[in-house]
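Below you will find one chain, with nothing else, as structure tokens; this is the form predicted alone, and questions on how it binds or moves follow later.
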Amino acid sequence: MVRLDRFLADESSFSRSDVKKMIRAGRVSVNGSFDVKPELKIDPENDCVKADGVQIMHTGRVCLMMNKSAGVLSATEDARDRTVIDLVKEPYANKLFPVGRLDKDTEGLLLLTNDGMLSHNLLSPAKHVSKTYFVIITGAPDEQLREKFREGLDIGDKKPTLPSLLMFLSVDGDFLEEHITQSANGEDCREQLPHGMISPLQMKEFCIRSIALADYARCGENECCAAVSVTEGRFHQIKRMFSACGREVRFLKRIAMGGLMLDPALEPGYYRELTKEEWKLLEG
């Protein structure tokens, strides 16, 4: 059971104060009755709530996977630019918020939810949830660059970055390093990686399943492809890490958060609800 005013505010584009004014003005009904107050307790699953004659549906706990396109802001609203929320239609319109952010020119996996605790757990620095990206940078593959990422980089903040995993890719998707192996019992042969970091084998799976051929085709002359995974979420972190090494990021696409990878069937700008299995990956 929830308060009527909270239910309407959560399930519509109206603010809590707007909702109270509507109720007092007799514009809200519960099961056909307009004799209601903001503090009235209702059952969202069974009671019929209408505002201005339109039934307000209970969406419950929602999380959408979106393949964010370039040029769209990771925000709920903006006076000048289009946001990811502008792309979301009913029954989710104006009811969700993005989990973290991707830069305007960055593409790929972005989660949209109404679950504040889920968002907190995915973004909290204490949780060390990994974020994995496909990147095209200037220059050629370099093992020393990989070592710098593994050691942590000074990008101008108070502290260096935590160790991260960087692996170079050929333009047809093959890994250029020989560090991806399996032990006799089938488990990953992990390097010394920070808490929460994915393994090289997981990174390989993410790349195989989530990077489109069109993404590799973006790689031009004097550029190279790579996959990088970090367990932090600093401002412009990936771009600043490569910049600290004298490289420029030409294309950036997030392909995974934790164990959840981007659905390759999602076209840029499109979204879908998470499956039960994907929910478990986020909450595990």
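The first residue of the sequence shown is number 1, and the count goes up from there. Just so it is clear, the model here is predicted, and its values are computed rather than measured.
There is also a form predicted together with ligand URA; it is not shown, and the following applies to it.
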| property | result |
| --- | --- |
| In the model of the complex, the one of 102, 145, 129, 111 near ligand URA [non-hydrogen atom within 4.5 angstroms] | 102 |
| Option touching ligand URA, based on a heavy atom within 4.5 Å in the model of the complex, out of 161, 202, 210, 106 | 106 |
| Non-hydrogen atom contact residue 42 with ligand URA in the model of the complex at 4.5 angstroms | no |
| Residue 238 within 4.5 Å of ligand URA in the model of the complex, heavy atoms | yes |
| Residue 134: touches ligand URA in the model of the complex, heavy atom cutoff 4.5 angstroms | no |
| Residue 224, heavy atom within 4.5 angstroms of ligand URA in the model of the complex | no |
| Which of 214-222, 51-59, 32-40, 230-238 sits within 4.5 Å of ligand URA in the model of the complex, heavy atom basis | 230-238 |
